[in-house]
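Only one chain is shown below, in structure tokens, and it's the form predicted on its own.
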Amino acid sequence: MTAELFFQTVVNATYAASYMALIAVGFVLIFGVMGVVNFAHGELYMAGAYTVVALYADQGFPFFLSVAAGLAFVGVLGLLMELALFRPLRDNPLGGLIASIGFLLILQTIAVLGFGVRMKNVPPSTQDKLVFMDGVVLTYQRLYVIVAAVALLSALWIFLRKSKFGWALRACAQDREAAVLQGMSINNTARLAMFIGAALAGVAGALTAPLVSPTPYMGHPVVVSAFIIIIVGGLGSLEGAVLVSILYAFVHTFVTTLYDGTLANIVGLLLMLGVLIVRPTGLFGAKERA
């Protein structure tokens, strides 16, 4: 591997780690607070991407306005899921999982009916790029994803530790019954977790829409990768989700660059199995929950 290829792969992996961290943190936040494995999380990512297709690519709205709309729209979708699916099945984790699978099929069907099954080409919002030594390139479109991930995840970290609503989310994630005895509302914390978790997936899809050519089935590989990340990081650990997103993205990107994507997926699964053999709770599972 040449030095130019090495540094370009590092840049690509940083971009991949950024959007995967947004998706994985949303995934683990919903699981930590609600105890539900939301298999429709990848389709929430897809819904964010199609919001940009509908507003920016098809109607000519400004790109960042479309991204903001994607964040808000998918956040509201999350609220509806909590109200219609997860709240009635709160004491039935298997029921919630099955309901999320049904909802992902509904979202895919809506996307197919509205936009067709073919990939949608979304033009980049800018052609500008940063060029580093030896021709290593970082496009502004990818830079937007990196900056947004750092800003949003930093804001979430501060929110969870400095605000009473954040404390309520963490308390419910750690011990729901104790949180209820302290007067905290399970319904309110579940709504908040679902809105934030869904919105993070939505904004990841919206920001990456010009880079990935959206399809109705783009959520499948994303939710599989997110599941591997939260298992390795430790179920319920936001810090684990962020750190393993970075590790997973770098391993996956380097293996894909040197060999191919299929081998990279196999390496990801082997990584998960290896960690679970040594540490069944994941790297950070026993330390702290959301």
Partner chain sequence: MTSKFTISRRDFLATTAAVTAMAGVSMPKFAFGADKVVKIGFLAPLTGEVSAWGKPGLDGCKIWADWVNADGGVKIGDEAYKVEFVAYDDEYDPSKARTGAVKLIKEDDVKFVMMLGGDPWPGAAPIADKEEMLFSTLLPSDLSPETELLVAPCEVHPIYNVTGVEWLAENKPELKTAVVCAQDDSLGKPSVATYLAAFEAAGIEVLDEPIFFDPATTDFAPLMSKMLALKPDIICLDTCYADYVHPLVEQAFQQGFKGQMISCTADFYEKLVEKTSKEFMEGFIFQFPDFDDPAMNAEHVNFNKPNDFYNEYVKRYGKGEWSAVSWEYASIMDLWADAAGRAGTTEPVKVLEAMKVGGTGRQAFGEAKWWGKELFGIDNALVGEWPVVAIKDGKAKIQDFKSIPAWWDKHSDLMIKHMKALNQMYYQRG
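Fair warning: this is a prediction, and the values are worked out from it, not measured in the lab. Numbering follows the first chain given and starts at 1.
The next section is about a form of this same protein that is not shown, the form predicted together with the partner chain.
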**Message:** Taking the partner chain as it sits in the model of the complex, is L5 near enough to touch it, meaning that at least one heavy atom pair lies within 4.5 angstroms?
**Reply:** yes
| query | Taking the shortest heavy atom distance, is V122 within 4.5 Å of the partner chain in the model of the complex? | reply | yes
Check your understanding: Quick one: does L65 come within 4.5 Å of the partner chain in the model of the complex, counting heavy atoms only?
Key -> no
Quiz item: Is D58 close to the partner chain in the model of the complex, meaning a heavy atom pair under 4.5 Å apart or at it?
Solution: no
Only one of 134 to 142, 71 to 79, 92 to 100, 163 to 171 sits within 4.5 Å of the partner chain in the model of the complex by heavy atom distance, namely 134 to 142
Between the partner chain and G42, G268 and R279, in the model of the complex, does every residue show a non-hydrogen atom at 4.5 Å or closer?
no
Heavy atom within 4.5 Å of the partner chain in the model of the complex, from candidates V117, V150, L181, I158, belongs to V117
